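Take a look at this one chain, the form predicted on its own, written out in structure tokens.
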Amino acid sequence: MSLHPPATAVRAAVERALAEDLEPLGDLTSALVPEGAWARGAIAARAPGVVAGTRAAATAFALVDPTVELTWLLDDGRAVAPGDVVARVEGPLASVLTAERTALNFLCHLSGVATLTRRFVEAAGAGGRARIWDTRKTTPGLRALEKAAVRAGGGANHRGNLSEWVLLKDNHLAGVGIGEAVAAARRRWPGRTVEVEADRLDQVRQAVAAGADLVLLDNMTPDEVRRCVEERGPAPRPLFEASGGIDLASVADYAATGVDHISVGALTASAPALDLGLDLEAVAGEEGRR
């Protein structure tokens, strides 16, 4: 799967962000920049991390002014150290200044998601084979971009939205048995993935017996997850997902249980932005252009 989000999702998100920044009168301050002033500079990392969001940043500059030229030295998924140049920028100074913050907002936020994901992937890798999954705890309107950033960090995506597959949580199961709920989902949406949330071993047994594709082991300790995995045995189905309060300090312990997936809401819900900045050299007049 591509490390980049769909182009339509990127454009829609960037258009909303630019409208938020520029309506109704445009960039009043940059309108004071002398006509013909030209700038060149570099987007560089000020902290270690993983790059993501390059398409969103590029789209921000392109929508403000298609004459701004970006040359990407690093693509999504690449690690950066402080001082590494991610991209070079050249174009009309006023346009570069207008697009700068929107471009950096996307780049810093999405790189932060990728960076935190990479940390979880590396920590889990020390414990076992479990894949790191994201959740639906995403920023409204930015889900496709944030899920792409998770992929750039080496993680994988859980369901993209409520239409993608069936996830029977405790509230859905109120008043109905697990077996009955799984059977109903199979009848109504044959071929769709069906996952059952369980927080007790007896619920896990019911979900396995019902033929669920996935069982979400919710808020269990590593020892409880291990017992569930051992009870499942060597059969490849259902897959088991551990979730709930798993952090960098505990993810290796969960991975060592033999669970297939570990979902972490923090990847998209609370990842700190990666510190990236645009350092410009403005040159007045056409003589500054190459």
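Numbering starts at 1 and runs along the sequence shown. Just so it is clear, the structure is predicted and the values come from calculations on it, not from any experiment.
Quick note: we don't show the form predicted together with a further copy of the same chain, though the next part is all about it.
Item checked: Contact label in the predicted complex: residue 187 to a further copy of the same chain, heavy atom within 4.5 Å -> Close contact exists here: in the predicted complex, residue 187 approaches a further copy of the same chain to within 4.5 Å, heavy atoms only.
Notebook entry, point to check: Is there a heavy atom of residue 67 no more than 4.5 Å from a heavy atom of a further copy of the same chain in the predicted complex?
Noted result: Output for residue 67 is no: heavy atoms all beyond 4.5 Å of a further copy of the same chain.
Margin query: Check residue 78 for me: does it contact a further copy of the same chain in the predicted complex (non-hydrogen atoms, 4.5 angstroms)?
Written below: The answer is no: residue 78 has no heavy atom within 4.5 Å of a further copy of the same chain.
Next item on the list: Answer for residue 31 alone: is it within 4.5 Å of a further copy of the same chain in the predicted complex, judged on heavy atom distances?
Entry: Yes, contact at 4.5 Å.
Checklist line | Candidate stretches 197-205, 83-91, 117-125, 97-105 - the one whose heavy atoms come within 4.5 Å of a further copy of the same chain in the predicted complex | finding: Of the options given, it is 97-105.
Next item on the list: Counting non-hydrogen atoms within 4.5 angstroms of a further copy of the same chain in the predicted complex, say which of 220, 167, 130, 178 makes the cut.
Entry: Result of the distance check: 167.
Next item on the list: Pull the contact list for 18-46: residues with a heavy atom within 4.5 Å of a further copy of the same chain in the predicted complex, in sequence order.
Entry: Read in sequence order, the residues that approach a further copy of the same chain (within 4.5 Å, in the predicted complex) are 18, 19, 20, 21, 22, 23, 24, 25, 26, 27, 28, 29, 30, 31, 32, 33, 34.
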